[in-house]
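Take a look at this single chain, the form predicted alone, given in structure tokens.
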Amino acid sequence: MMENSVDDYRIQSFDLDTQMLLKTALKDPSSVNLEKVSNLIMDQSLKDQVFSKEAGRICYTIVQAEAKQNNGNVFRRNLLNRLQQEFKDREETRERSLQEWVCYVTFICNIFDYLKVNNMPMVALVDPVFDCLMRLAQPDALMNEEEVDCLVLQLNRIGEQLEKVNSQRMDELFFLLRDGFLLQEGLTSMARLLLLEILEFRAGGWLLSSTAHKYYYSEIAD
């Protein structure tokens, strides 16, 4: 596997001391305070949408490095604790800042995607991830294009994996999406298009046909 250069991890947005700390954590995790590192990554993910999509890779690399170094899982434990804490406060976060809430969902889905145990998704994350996606499928959230966009992006990324671990909850989520698409008044045309795309994406076995792809993406370009 090619070594990732540190630039691949999008850590340029941090100040230099923090960049140094993260670089060290990626190579020699036992020499730094891993609770501090997990908090830094979480805090940045909540305010920086680009970073929240990439942060899973940093976390994955630190988890791997720590396991190799001393078979430890201090970083993962701290990260999960912090995710859980933010999860408890998710409604307040959403009330306070839609952007922060969308960043949180992006981050937790990203962690679900990257952090595996014996090549399987982490059981501890399955229900919280579903709960977040179910929240994005509620009528009030479907009125916000930002939330619909976030929901569809996450399902594109991890929908198939999630369905494998709990198809019943995926069915429930898609009942909500179908009802929203068919019955809800006042959705923007963009939100409708995104919902239709994800309904067809799952119906096609999590693959978008090339005609569907053309239809959605030429429509957006016009």
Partner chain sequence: MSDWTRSRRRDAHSSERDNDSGPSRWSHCRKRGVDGSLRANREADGHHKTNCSHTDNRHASFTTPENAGPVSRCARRADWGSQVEEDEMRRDVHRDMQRYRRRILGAEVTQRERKTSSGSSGSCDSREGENMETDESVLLRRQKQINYGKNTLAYDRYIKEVPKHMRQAGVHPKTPNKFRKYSRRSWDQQIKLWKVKLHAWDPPTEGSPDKVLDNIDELGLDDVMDIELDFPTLSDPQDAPASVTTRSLSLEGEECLGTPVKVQKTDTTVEPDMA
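Nothing here was measured: the structure is a model prediction, and the numbers come from that model. Positions refer to the first chain, counted from 1.
Beyond what is shown, the protein has a form predicted in complex with the partner chain; the following relates to that form.
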| item | value |
| --- | --- |
| Proximity to the partner chain in the model of the complex, single hit among L193, I158, V32, L26 (heavy atom within 4.5 Å) | V32 |
| Sole residue of C103, L133, V148, L125 within 4.5 Å of the partner chain in the model of the complex, by heavy atom | L125 |
| Contact segment among 135-143, 112-120, 94-102, 148-156, judged by heavy atoms lying within 4.5 Å of the partner chain in the model of the complex | 112-120 |
| Heavy atom of each of N70, L80 and L83 within 4.5 Å of the partner chain in the model of the complex | yes |
| Neighbours of the partner chain in the model of the complex among 86-108 [non-hydrogen atom within 4.5 angstroms] | F87, Y104, I108 |
